[in-house]
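Let us start with two forms of the same protein chain, each given on its own as structure tokens and named structure 1 and structure 2.
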Structure 1
């Protein structure tokens, strides 16, 4: 079933309003096992004519959003009726709805209300509980347009999200469900820590396709690569086996969880806590952890020690280590992690120190250099703290550097928790 989505609205083209309809409706269709083949955004006014003329011959379903309102550039209803050769007639039920809707707001029918109550013959009214403009559904017709055997199912929906969403759920979904003949396919997102979209594709593309999946896609985000597969349950399970074998413990989610959600979940499962000591990430690790509801169970103490004095006083980093090795060094990151562990009493502590740039780089420690440490408290009395350190180089602009660094640190903890819980 080939689906076109047409969004009307000048504000969507000027960088003023983000087109959330395309996103939301894409997800809605996808849950039905359908997908939008093309999404088009046009300004208010006469462009809708050309957009419909292009879409009608190639589509089975067309959804148009916007252009049903009361102002002079709202002409979606009129143009659609004209192209399908359907005369408009006043609908007394729609007019009564508009009259009652306006009355509740102490307003009266006006000239535009009568326009909104015009319904093309043969179209079905989609009730609008939250506005005046009704939606419209045009069932397929034969022989109304040259070269088009049968026109597609056409839905005209209002632009405001609070009108569109309930109309979609109450009125459009039942019609679409009636058109479906097969069970929708499944989707799975596999998220791998690290970079290298190309590398992933090179290794996995062929074996994944051989499972008989319908679709395969990749998406790279800071410090992670997502592999998206769509297909039957059996094909998705086969993909899972391949991906787990290829990614090993770099695979951090097959359910679309964020890295910080995985870390908080694993900590909650284990009944353990983490503290953070951040120099170059400046609070981003703590911020990510506390974006997850329930973080307070596993995270109580965070240190943002941008200044050397803060590293000394709050975390017990030695002045001599700072002087001898510099703030971006292995001894300092180790002391930061162990200091945070000691001060907070947490079970784990993550520490990072690096050169975020743009200034501050040297030949030995160029911009992007970062040290990361994970300190782990011993489990039994007398067992010492063990600390793992890692040096990385992320030569990116500031926010990307912070994102990569926090991702790498969180992944260190995630893998440790995974090993302990295995």
Structure 2
């Protein structure tokens, strides 16, 4: 089944709004065993005509997002009806929905409201619980366009995600499920820390393909490579055995979890807590951890000590260590981790300090140099704190440097937790 996705909106092409629809709808289609074959993004207005003329002869399903609003450049409904030769008629139920929706916001109907209530004959209205623009579904029709034996299934959906997503779930999915004739394949993403995708492919390409999977792909992200396999349940299980043997403890997820989700889950399972002390990452580790639901059970303290005075005052870093070794050094990162551990009462503390650049580097500490420390409280009363220190070099622009540093630090904790729970 060939699927085309057309996203409309001038703001998407001006860089003012991030187009999240392709990402989200791609995942939704795949859960049905379907794949988007082409996605195009076009401005508001008459460009929708050309996009539909290109897609209708080649597609089985077309999904259009946007262009259903009340303004003059919202003409997706009108152009689609024109191309399919369908007259527009006022729909009393849609108009009443718009009237009630506006009344709850102390607003009244206007000329544009009546325009939004126009529905092409033969189209099915898709209810919009969170806006005024109804979605529309056009079943296949024969003989309505020259050179097209039968038109595809066409869905017109509103652009705002808060309107589109509920409509997709409530209205579109039941229709699409009725079109399916085969059981969808499965997908599994295996995520490995700290290696390039070329090395992963060289090691696993042939063994994974020998399992009979339908598709194999790779995706490199800061500090990780994801191996994506699609196939039957038996083939995915066989892939899991191969990947786990090849990756060992560098495999941090086979369920599509993010690194921070894995860390929070392992901490919760162990009943342990972590604190963070950050200089060069500016709070990114704490941000990532607190993006995970349930993080409050395992994370209570985060220190952003960008200035040397903050390192001294909040974490107890010695002025002499800063003077003798500099802020980016093993003694300082060790003191930061141990200071955070002591101040917070946590079981683990992660600390990072580095040269993010583009300036500030030296021959001894070039831009990209980072020190990472993990301090671990003893499990038995009186047992001393143990601290592991790691030096890395990430010569990237600032955001990538921060992402790589936080990923490496979180993986350091993940592997320690895994060893303790093994």
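We call the rigid core the largest set of C-alpha positions that still match within 1.5 Å between the two forms. Residue numbers count along the first chain shown, from 1. If you're wondering where the values come from, they're calculated on a predicted model, not measured in any experiment.
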Between the first and the second structure, which is the form predicted in complex with a further copy of the same chain? 1
Treating the chain as two rigid parts, what rotation angle in degrees relates the smaller part to the larger between structure 1 and structure 2? 16
To one decimal place, what C-alpha displacement in Å is found for residue 23 between structure 1 and structure 2 with the rigid core superposed? 3.4
